[in-house]
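Take a look at this one chain, the form predicted on its own, written out in structure tokens.
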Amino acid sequence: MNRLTHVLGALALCATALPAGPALAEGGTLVIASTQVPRHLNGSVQSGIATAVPSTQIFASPLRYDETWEPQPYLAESWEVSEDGLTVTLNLVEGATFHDGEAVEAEDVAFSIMNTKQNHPFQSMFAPVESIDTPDTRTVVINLSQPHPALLLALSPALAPVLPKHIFDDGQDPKSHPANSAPVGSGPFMLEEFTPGEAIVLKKNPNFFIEGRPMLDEIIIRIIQDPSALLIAMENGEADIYPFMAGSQEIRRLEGADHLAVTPEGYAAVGPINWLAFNTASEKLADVRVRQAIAYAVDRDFITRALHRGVSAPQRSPIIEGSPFFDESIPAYDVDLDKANALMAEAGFGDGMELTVDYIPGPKEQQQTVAEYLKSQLKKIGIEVTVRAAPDFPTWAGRVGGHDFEMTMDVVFNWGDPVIGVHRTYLCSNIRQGVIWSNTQQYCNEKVDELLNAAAVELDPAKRAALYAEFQQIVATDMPIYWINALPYHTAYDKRLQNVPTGIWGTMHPMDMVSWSE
């Protein structure tokens, strides 16, 4: 076995030491402002910001990551990877308990990984996991069918919450289990109250397995769906931190508040892409020429420069442009209305058509504003667009996950490695009714599957890059999605806060080190 460099014997050292700085005050309340409404709080069966922020406070995971992309111990105090890459052994910390007092044991970790594999939208994340052995209560041996270069990253808090087997393994459907909304974990905070659509109240876990943490007494996640009200709450001190802020007006306005700091740090692993997705099973959009025509009609530069006031960066690929796997030669589909109209005529829609576009409620500038722009722009190629609003996020997710849409605006993350965040959107096997952020476009190309499956096991970075380059060229032709821009995520926070989570996962990371200065 090849022992990794991050094998530590003392769990007290499992995360970065608290940095020197202002004196830290123990206790206090942190109020997080959010526009998104979670359906429940279990990140094992649901992806997305709304679930991940509370889930990573309630549930611990095998590993956690520092700001340099290096894995750090968490529930696993050490780990080993075999020379052939087919076995990963996790050595669990001693003394960790769930919030109900039951010990965290190897069987809980094994159950949780398999539960995530079977029920999470990111089907490729744990696809190579064939079986998991638990030779004793503190040893977890993950057996892989093939090397999996993304596995350690997949064991992060936002992606691999460890569930109590004695609660979740009772024969009920994991996706609708009642404990998803009243979860028991082993993380730094315990659920006190969950009022859907309003607030989530988390209390300090007094028996957290890392000594001296968490620093805070309480975290309150306030759901404020009115963007104006949210900004006012930040300005008058009713809320302390606003993560995943993407609107240009919001960013500029809160930059002007003397008591607030605003930073783009904390989203390195997120890779957020704003895009227009097509339901390729729709009779109107099944013809690739219609999808390409729409791509030629939409002006990506106008969206980023004018509608987003220059804070967004253009994005022309399913892989975030800052990734080493991004292919610079991917076609951009620059605006060409003549070509767009010709493609519509070739597809038999020279007389036009009608289409409906949905959008995620909440981030207006990135979603609703672009959807309304499409209404005017696509009229130039004979497409009458109806913009369909949703009253809340679960309604939108139900429509899109249920394939009840023609076009939709969407925001989808790369999640650090293409295996985790990109494959799920394009694999034929991930067309899953009722699961948001799976292959909701119902797109299927066997060559794409072949390339992605090869890239998932390729350990040579150059060879992986070549596989992903060919993949990008194919999907750029098939156009199941028109990629628009990378979201300009920022975090605004009270300057008195210390150790604000600005690592690769931002607030989708345990906030056990966050505190107020004295």
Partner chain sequence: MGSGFLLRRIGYGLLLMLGVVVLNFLLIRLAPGDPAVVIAGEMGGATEEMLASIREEYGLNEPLLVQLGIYIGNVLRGDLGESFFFNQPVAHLIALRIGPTILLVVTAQLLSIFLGVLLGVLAARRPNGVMSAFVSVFATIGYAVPVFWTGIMLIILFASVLPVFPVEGMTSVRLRDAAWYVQWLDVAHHLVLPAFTLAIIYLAQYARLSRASMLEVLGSDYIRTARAKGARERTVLFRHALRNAALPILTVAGLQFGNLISGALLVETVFNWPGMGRLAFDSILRRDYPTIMGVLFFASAMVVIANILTDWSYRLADPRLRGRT
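Owing to the predicted nature of the structure, the values given are computational and were not obtained by experimental measurement. Residue numbers count along the first chain shown, from 1.
What follows is about the form predicted in complex with its partner chain, which we do not show.
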Distance check, Pro71 to its partner chain in the predicted complex, heavy atom within 4.5 Å: no
Given that the partner is absent here, does Phe302 sit within 4.5 Å of its partner chain in the predicted complex, heavy atoms only? no
Gly197 versus its partner chain, in the predicted complex: is there a non-hydrogen atom within 4.5 Å? yes
So in the predicted complex, is its partner chain close enough to Gln315 to count as touching (4.5 Å, heavy atoms)? no
For a quick test of understanding: in the predicted complex, does each of Val37, Phe122 and Asp173 have a heavy atom within 4.5 Å of its partner chain? yes
Its partner chain isn't shown here, but in the predicted complex which of Glu265, Asp287, Glu107, Glu218 has a heavy atom within 4.5 Å of it? Glu218
Considering Thr97, Thr137, Ser323, Gln225, which brings a non-hydrogen atom within 4.5 Å of its partner chain in the predicted complex? Gln225
Where, among 128-136, 364-372, 426-434, 440-448, do residues come within 4.5 Å of its partner chain in the predicted complex by heavy atom distance? 426-434
Taking only heavy atoms into account, state which residues of 226-243 are within 4.5 Å of its partner chain in the predicted complex, ordered by sequence. Asp226, Ala229, Ile232, Ala233, Gly237, Glu238, Ala239, Asp240
